[in-house]
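Below are two forms of the same protein chain, given as structure tokens: structure 1, then structure 2.
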Structure 1
Amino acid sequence: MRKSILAAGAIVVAAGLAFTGCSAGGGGGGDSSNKVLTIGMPNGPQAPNQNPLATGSASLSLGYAYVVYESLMQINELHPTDEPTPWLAESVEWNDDSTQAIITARDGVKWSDGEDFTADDIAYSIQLRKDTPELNIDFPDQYGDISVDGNQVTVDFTTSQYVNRDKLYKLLIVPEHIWADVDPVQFTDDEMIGTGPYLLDQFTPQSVTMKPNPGYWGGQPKVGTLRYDTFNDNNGLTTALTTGEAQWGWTFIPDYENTFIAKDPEHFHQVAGGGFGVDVLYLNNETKPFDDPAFRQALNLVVDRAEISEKAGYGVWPQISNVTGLPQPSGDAYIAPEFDGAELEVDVDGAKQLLTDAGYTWDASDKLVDPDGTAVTFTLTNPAGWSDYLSALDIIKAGAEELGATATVEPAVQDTWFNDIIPFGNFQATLHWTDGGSTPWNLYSNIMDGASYVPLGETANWNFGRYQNDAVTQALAAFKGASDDATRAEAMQVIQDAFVNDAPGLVIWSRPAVAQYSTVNYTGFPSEDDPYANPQPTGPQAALILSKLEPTK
């Protein structure tokens, strides 16, 4: 494993050097292949809005914003602790407590209309978000002063941003000389003047084509034409991917081995990127039976995560195996030493022993009875139609029954689940995702942060299970605001101890960025052997991936 990380790092650095070389030498002069690379998205017909900052615009929804506009740095979500790769910024230096970032702008970059790209553009792009709350989705109310000195931009933040560093790296930069004169919220950006490898060629509601940017600082891309096709739903995209009509995209394909890969095993691939997104079985820590840590622990021991990942997740969602609930390999660097190698395993006898020790008994018909003398029953709830969640709940139910507890799976109406069940804690157990983030902070905070605790019946934003533990709350705050790695490691230790021993919620599977692609026309996509970036086309990493694609002969 170690070796492949190094190898990936070396490639990334080499690529970075190659780009600097190219821009200094005045264009790589490479030829673009005439093969079209078609990217598919299941997002329905689009309206002609290319605004790269407004959530929901066609360019963000299909992803072509990311090949016209570029980010400051490239990060590899699989190995979040690696140093980011310089992109539009030569470097980003943070102060110790992550409240100030100094960004150095790359030299020799031009906007596609011929104007020079400067540090002022970076400062403007960040100031724009500060001044326009509608577009400030990453750092709401958190920007301080933004100033420019030569080719350096200094950005102050009002709070520590250690856990949000990636969000700054991923900000798309827009040209000041165009955006300064328009209303940035309503602007539809018909021409798309960016620094990226592609230019907008033609927009139709179902298909957008892009052509190479001849003046690109990273050298002319090998992919001659990019086409973004939009399909009405997942089925449409799945068909297009399996017929080769679309060659890159992401959709949940149940039984993907047979449905997709088997159609052309040599060229069709599905790869999972990294990240910290997981799905969690939230347990209501304030009502029976989950107000008893012993029962939560016992349930944790009988949930068959391998079966859930295989059957309910069709193998698309990787299994969680470490007891800390962290997805691997992204989380490897954060696993506390004592839990390193501690695997989650189904252990019915161990669970029964735990329950016996806590005073549980079994009645004549082997039903579990709690210390108060009542039979243990609970309901598992999720929106009807979310079939992967509901199948997972069925497997959890089967696990609970091995303990003698009676569980029922109850589908709810989606809107009811969102508005009444989840926020008010009107459930005993329910599956819900967590925010991704670039550290495990979001994962743990979303499950067990006392800072988001509200009593049952009031609207909770996170911590739906109402877990309260002051040590954890303090540790989460310490991790976020710490200025050195030692403090963070100490905090993570406290958090993971509580997570493992208290089982406030059960992490079920990880939800990484997954993508499908075909290597019939182009090779060089991120793969399992060379996971150099998040493999999806809809993110700033698209510019990096496109720089590595080579046409097949």
Structure 2
Amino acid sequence: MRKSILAAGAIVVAAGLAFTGCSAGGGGGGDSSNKVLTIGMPNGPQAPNQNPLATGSASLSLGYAYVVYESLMQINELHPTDEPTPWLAESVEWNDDSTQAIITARDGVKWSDGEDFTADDIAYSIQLRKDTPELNIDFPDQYGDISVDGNQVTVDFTTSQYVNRDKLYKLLIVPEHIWADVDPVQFTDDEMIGTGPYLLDQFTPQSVTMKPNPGYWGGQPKVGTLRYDTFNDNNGLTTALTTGEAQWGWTFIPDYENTFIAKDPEHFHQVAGGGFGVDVLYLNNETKPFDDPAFRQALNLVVDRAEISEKAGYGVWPQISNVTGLPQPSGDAYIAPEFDGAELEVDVDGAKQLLTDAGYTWDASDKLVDPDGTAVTFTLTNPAGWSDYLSALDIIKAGAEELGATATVEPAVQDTWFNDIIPFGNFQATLHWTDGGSTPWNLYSNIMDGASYVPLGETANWNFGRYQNDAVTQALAAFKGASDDATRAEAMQVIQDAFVNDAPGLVIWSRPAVAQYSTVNYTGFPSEDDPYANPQPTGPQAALILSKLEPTK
């Protein structure tokens, strides 16, 4: 297999762990191979912060948090409607309106310092998030009572979590006996006491090594040494993957078939899956020129998504065709009837007519002038080194120029973009992803939800463009809280009407989970024939994937 695009309609994840105590072979001694598996990420030098709950920490940025700490359940993000696989929880049972979850803790699990893992650790990890808003990204102000009875934890929510069940399954659980005595926000977690298959061995700003956890409840990992190397940008990681220096990772590789696969067609693979994830051009709805819906709609009509997918995405990112912004076929069942078959098409004349009707004019140099008499200019911003995003911005810039607007592409320092530009709304237009989820709710909520609105200058977790529409906010809440399909369909109609007619942000392309890997040293990664998990190493699924890897002879 030279490349794999995972088909929809899938193969269900096999339940249970596959770590065994069998001899690994492949030059390995004992139960684990001595072949190193190096995971690469293009995230630059890292500070020694191992906190698995703090956004931006090294352990989350590179992904090694997910082999030390584990989630309640494993979900297959490629097929979000599949039943979850038990992990630290043996089961999670929901009530009818999804306002209460009863979690049963797995027996026989120990923390890596020898202490027993219990239901109290689960309750503590959730209570910690409830008590610490900075760490409660997934359920802000939505936790109710949290109680323990034997090996079961009952979690009440203030609103229905029908659309957020996966987020509960993916929560990483930390030990109460360590974390109860520290500040969870400032804690750098140098020792990393977890339940997962690996322990922290050595840390440097450029490389982190992990060793097997001898007391792991799932048995001895067959990968004897895990190493996480960080590279300055996509090009650096691409070189590492094509030379074999790194054997697993995720980076955008232009012309990946010639650049990567062709270097070793037998062993090099790139896989991609479906789902609801997209990349969005977030438009700052509270500053010129994007405070005017007419200009947002006009720009939407001149963005050439086919060219962006082909030239900036090299076909890795599928084109979005429907005006609702939904990826297809994942989103087909959710497209409102009036938008079924309504395609996004480049229409410069239509865009200019929209602007004319809204009071825009053109000066003697054919530059666009807004109704206030100001020339229309804006800046498109994304981190330097994110070549697919920057190439897409160049094509969007060219579309804006068709209207007479002056656009500038301005690369930013990655840390600045993450910590200042995106959360505080210090941009006019910027590309950013959305959450996937098991329905389109996350896609639209991340762009349009008034429940996530904060004024410019305050930290936003989503709705980076500061869109406000009470009808949409109510419809998103109705979809999330509904217990029947008819209510959800009615809400989706309201949401999509606003998305199409207000253009609060522009969905640019579909963003399936993509990863590259080499099978020179280990086999068993997700593939076209066995799409059992999101193939990327930076998520709770890393523990599941590692349980399936086998050393080569």
Partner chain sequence: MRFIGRRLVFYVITLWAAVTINFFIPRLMPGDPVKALIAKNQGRISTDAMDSLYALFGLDEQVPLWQQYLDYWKTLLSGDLGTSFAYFPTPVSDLINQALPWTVGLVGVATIISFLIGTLIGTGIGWRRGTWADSLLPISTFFSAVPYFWLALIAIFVFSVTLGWFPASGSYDRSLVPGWSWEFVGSVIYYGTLPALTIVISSIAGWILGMRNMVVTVSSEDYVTVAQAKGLSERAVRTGYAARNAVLPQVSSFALSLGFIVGGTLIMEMVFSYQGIGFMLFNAVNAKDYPLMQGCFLVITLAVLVANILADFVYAALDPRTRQEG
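Note that the rigid core is defined as the largest set of C-alphas that superpose within 1.5 Å between two forms. For residue numbers, the reference is structure 1: its sequence is counted from 1. Note that the structure is predicted; figures quoted are calculated from it, not measured.
- Here the form predicted alone appears as structure 2, and structure 1 shows the other form of the same chain.
- Hinge location among 272, 406, 61, 36 for the rigid parts moving between the two structures, by C-alpha fit switching from one part to the other: 272.
- Comparing the two forms between the two structures, the rotation angle of the smaller rigid part against the larger comes to 35°.
- In the core-superposed comparison between the two structures, the CA atom of residue 318 travels 3.3 Å.
- The two forms line up on their rigid core, and residue 371 then has its Cα shifted by 22.5 Å between the two structures.
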